[in-house]
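Consider the single chain below, provided in structure tokens and representing the form predicted alone.
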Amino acid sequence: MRADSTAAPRPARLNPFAFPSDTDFRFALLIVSVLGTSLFVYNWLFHAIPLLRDPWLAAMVRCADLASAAFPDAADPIARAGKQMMEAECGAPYERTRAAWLLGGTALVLATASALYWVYPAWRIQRANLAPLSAEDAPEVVTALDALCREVGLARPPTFLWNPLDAANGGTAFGRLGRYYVALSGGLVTQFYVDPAVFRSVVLHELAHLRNADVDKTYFAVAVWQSFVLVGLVPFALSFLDFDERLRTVLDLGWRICALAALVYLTRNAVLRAREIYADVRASIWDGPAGALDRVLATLPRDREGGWRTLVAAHPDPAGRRHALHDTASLFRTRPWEAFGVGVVTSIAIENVWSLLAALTADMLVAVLGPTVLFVPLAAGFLVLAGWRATFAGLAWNEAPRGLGLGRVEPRLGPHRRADRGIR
């Protein structure tokens, strides 16, 4: 978050923290999308690598021949059923090998993401030349930071770091499970003496990330995208270097993996945008109407293009962030593209997990119902949460909710509106 210097009065707002946050939901969506897409990629790699493909293909052909010889009467339904059962039993060991490859590839993506997430704080500290901010460096600043941590109710304060040579006015909350940091620039520490309100607002925003418990989700989301590129997309692209299939097949796979990669990337960015807005709103509660958070956000550069650039951006538009400080109604609406994304992610996950379970078990009921039981609750939970929030917003604004909140929740200021429904 970056800073610099006239705040408008803020009306009572609906409390978005009464519901699961969009950050949590989008993070779950990201993990499911990576799961389904990784299974797709490693299924293709299995068939593209001769060392894996050829023994499996030979076994499938041999099993089909044996079953055909044992049940030659293709017109007899009982014979057909027996042939299918014999093929499945014969090929089961080889299908389990394919399933192990799929599981191993997906586990590799998640393990690499976990490793990147774990080492990122040390890399960030070294790259940004960060050092612990001690009382010897700036005693008044350290005292103020301790007071802010107590004010926001952090059970375990983060380690405050700084780079005195960084003239920017900003801070960053980062870290890993059990060890969190807030990095302050030298310019922001200077703001403590020049404009204490700006210093307070920026630090409260970073502490809000810790209170919202979004730091781990944020940096694992970043790590899982990097991991997917490293051990998913790169091997997928390299597999075409020794690929002699028809161009049509290459193009068919190419557009599919591009669409899947775009889905993962957009979902990751949606996580990053949501966490910033929720941190703004949380920080504004502590900062109060006289705080400087609004004017800090007013100094952030705005993307003048808008439109699709807003959808792919890793940070929300500053104008939207400022609007949320005064009116949190935008956090109670579900956007149509989110509903579409849930459907796409759920479908991809179900299809690829079905392929995995079909390789693991001959019980088709388990193969079909397994992914349904796993992922349909995700879509159902999305619909329930959307309807729940829309109903709450409608009642709070004395307005009948429409649909499932797929659109904008516009407050109507009528005689029955009550300020005590706002954030505390």
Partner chain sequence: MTAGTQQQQLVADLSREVVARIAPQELPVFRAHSRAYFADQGQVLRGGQGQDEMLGFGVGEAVAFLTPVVLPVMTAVVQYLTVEVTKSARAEGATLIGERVKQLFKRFRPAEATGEYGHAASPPVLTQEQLGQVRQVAFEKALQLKLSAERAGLLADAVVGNLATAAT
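Residue numbers count along the first chain shown, from 1. Note that this is a predicted model, so its numbers are computed, not measured.
One more form of this protein should be noted, the form predicted in complex with the partner chain, which is absent from this view; the next part is about it.
Residues R124, D166 and L300 are all found to lie within 4.5 Å of the partner chain in the model of the complex, as judged by heavy atom distances. Between 196-204, 146-154, 337-345, 107-115, the stretch whose residues reach within 4.5 angstroms of the partner chain in the model of the complex through a non-hydrogen atom is 196-204. In summary, among the residues R333, R322, R176, H315, the only one with a non-hydrogen atom within 4.5 Å of the partner chain in the model of the complex is H315.
Shown without its partner, this chain lists L253, L103, L272, M86 as candidates; in the model of the complex, only L272 has a non-hydrogen atom within 4.5 angstroms of the partner chain.
Heavy atoms of R282 never reach within 4.5 Å of the partner chain in the model of the complex, leaving it off the interface. Not displayed here, the partner chain is kept clear of D73 by more than 4.5 Å at the level of heavy atoms in the model of the complex. Among residues of the shown chain, S239 is not one whose heavy atoms approach the partner chain to within 4.5 Å in the model of the complex. Although the partner is absent here, A183 lies within 4.5 Å of the partner chain in the model of the complex, judged by heavy atoms. Contacts to the partner chain in the model of the complex (heavy atom within 4.5 Å) from stretch 206-228: E206, T218, Y219, V222.
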